[in-house]
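Below you will find one chain, with nothing else, as C-alpha cells; this is the form predicted alone, and questions on how it binds or moves follow later.
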C-alpha cells in the first residue's frame, strides 16, 4: 500500500499528498468550507467524511456506466487513493435548472428549467475567481485543445444524464454541478477531483428545499444535517 511522502497541494476542501508511488496520490477531504470565491470561510463538521463517502459512491456508479475516473480505492473515512493526473485547467459546469451565477449574469429567474442541459466553461484559477471563458479562448490560450475540450464535454453530458436520473430516484433535482478532468500517465482522460454537495446544487423535488452548500453560503442552517442526509441516501442507493 502506498504511503504519504509530502503535501503536494492544499485547496479549499481537500489536500493532495504525494506517495512513494509516483503515479498515485492520496486525496484527503477536509471540513473547511468556503463560499463566494473564498470570501466566506467556515467549518462544516464532518463534511470531509460525508463528501468522501458521497464522491466515492458516485464515482463507483459512474465507473459501472463506463466513465473512467481517477479513483483507485478508499483508504479511510476521509482519504482516497487516486491516480495522479495532469489536470485540465478548465472547470466544466452543467446546468439543468437556472440558479447561481447564471441568474446573476443574465437576469434569469431562479428555478427556470432549461430547455436542455448546457455546459459553461470556467478557468480553474482561485486567484482569478474562476472566470467564465469561451471555447475559442480556451484553445487559443492553451488551456485545452479542441480534442480534449470536445471529449471532456461529451463525458460531462454523459455524466449529467446518469446523475440526473440517479438523483431523481432519490427525490432530488440536480440543478447544476462542476466537473474536472485530467490525463493520467498513459494519456487517458479521467474524471478527477470530486462530485459532492460542495460542487452540486441539489434541491428537494417536492419542496424545492436546498440540500447543498448553498445552506452554508446563505446561512440557512442545518448544513451538517443536510450533508448527512445526502450521504445516507447516496450510499444506500448507489449500492457500491
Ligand code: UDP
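The structure presented is a predicted model; accordingly, all values stated were derived computationally and were not measured. Numbering follows the first chain given and starts at 1.
Just so you know, the form predicted in complex with uridine-5'-diphosphate exists too; it's not on screen, but the next bit is about it.
Taking the partner from elsewhere, residue 113 is found to have every heavy atom lying beyond 4.5 Å of uridine-5'-diphosphate in the model of the complex.
Contact annotation: residue 85 falls outside 4.5 Å of uridine-5'-diphosphate in the model of the complex, judged by heavy atom distances. Although the partner is absent here, residue 177 sits close enough that one of its heavy atoms falls within 4.5 Å of uridine-5'-diphosphate in the model of the complex.
When uridine-5'-diphosphate is considered in the model of the complex, residue 101 lines it closely, a heavy atom lying within 4.5 Å. Highlighted residues 167, 173 and 215: none comes within 4.5 Å of uridine-5'-diphosphate in the model of the complex, counting any heavy atom. Stretch-level contact analysis of 25-33, 194-202, 64-72, 48-56 against uridine-5'-diphosphate in the model of the complex, using heavy atoms and a 4.5 Å limit, identifies 194-202. The partner is not shown here, but in the model of the complex the stretch 107-135 reaches within 4.5 angstroms of uridine-5'-diphosphate through a heavy atom at 122, 130.
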